[in-house]
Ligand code: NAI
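We begin with a single chain expressed as structure tokens, specifically the form predicted alone.
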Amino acid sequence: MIVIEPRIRNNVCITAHPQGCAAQVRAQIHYVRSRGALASPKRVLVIGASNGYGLAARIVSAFGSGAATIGVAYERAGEPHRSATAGWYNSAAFQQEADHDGLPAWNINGDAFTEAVKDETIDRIQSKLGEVDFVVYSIAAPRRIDPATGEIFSSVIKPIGRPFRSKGIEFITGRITTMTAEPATEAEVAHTVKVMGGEDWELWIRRLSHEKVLAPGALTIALSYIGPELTRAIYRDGTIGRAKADLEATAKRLDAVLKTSGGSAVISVNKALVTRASAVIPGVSLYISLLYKAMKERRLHEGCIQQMDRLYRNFLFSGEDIAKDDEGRIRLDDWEMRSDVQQAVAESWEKVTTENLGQYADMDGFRDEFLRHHGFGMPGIDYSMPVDPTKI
């Protein structure tokens, strides 16, 4: 038994609290239940199911629609004197809540990029569900081993073509800084696309189809982001954006293939949220803190679970044709990109300093959400008490 406190290095939290993670999973479940039942697919595979949008999508499927779910994630278990990753606790908590409610659910812990995990997942589908009719792809990983060659690819967060210089923030201290990033090499761009682009999503869908565990008429969705002009150089026009463009091109190829059996593939462009990844992208933490304030003032703010619930109810499974932009993408960032919201953020960006941060930015909300992702700051949890880090 140990006392677990948040330990943060370079804007990355390296600890997680089991009871707190379980509490935030229950809070998401409570939100979905409060919204009422919805009609959506009943046999669901979520690849990248342990955190953020992937976890939220699995919760909406299971606790909003009563779906049987298989969740794939790559997480580290706890040890007697070391906490597990937040995702490990989240997956365990999801399983516990699903079992309690009699909802069929199975967790697969392993590297989704590997053939071994694809094999295990297909075996589980065949033995438990027969087929899946909805596949959510929500992988965020720093590196990938090519299953065909064994070559290791690592992603980077860099601009392309020229250095990036921007305001930034040390979100723990609240100090405004100047952040710089050197441009990526051609090899770094290629590596980032290899890790974060659409290749693995396509491998999953083609493999599921080949093994005849993808139901006729199945839908698959992957998540993307565009963002504002303020972060364009480091995000949409940078290495991550190049990978997102590849992901979106993959959606069009997959959609053409799946349409032959009545299915489809689609991209959802989601809003900016605090995640383990966004906290370390130059300029993005400051943008998000300004965005949160602007959206909360207009009562437009959503977290992961609110975004996924709206995706299901208003877009994917509303009973009407799915609303898409000119590129065929769902725009779940519609409230973020409203002109009044973006104008407010742009004006705040010019004015914000360390001294007036509280006037323009919601740093408390940013910090609170960042910590909740790791199970800290949840109501009703006594964080001074020792806990067993090997279980929830």
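Everything numeric here is computed off the predicted structure, so don't read it as measured data. Numbering starts at 1 and follows the sequence shown.
The form predicted together with this ligand exists for this protein as well; it is not shown, and the discussion that follows is about that form.
Using a 4.5 angstroms limit between non-hydrogen atoms, S138 touches this ligand in the predicted bound form. Residue contact with this ligand in the predicted bound form: Y235 places a heavy atom within 4.5 Å of it.
Contact annotation: G217 falls outside 4.5 Å of this ligand in the predicted bound form, judged by heavy atom distances. Proximity of A98 to this ligand in the predicted bound form falls outside the 4.5 Å heavy atom cutoff. With this ligand left out of view, the stretch that reaches within 4.5 Å of it through heavy atoms in the predicted bound form is, among 184 to 192, 310 to 318, 67 to 75, 154 to 162, 67 to 75. Residue in contact with this ligand in the predicted bound form (any heavy atom within 4.5 Å), chosen from M196, V132, L254, I305: M196. Contact with this ligand in the predicted bound form, defined as a heavy atom within 4.5 Å, holds for exactly one of A112, I221, A243, I122, namely A112.
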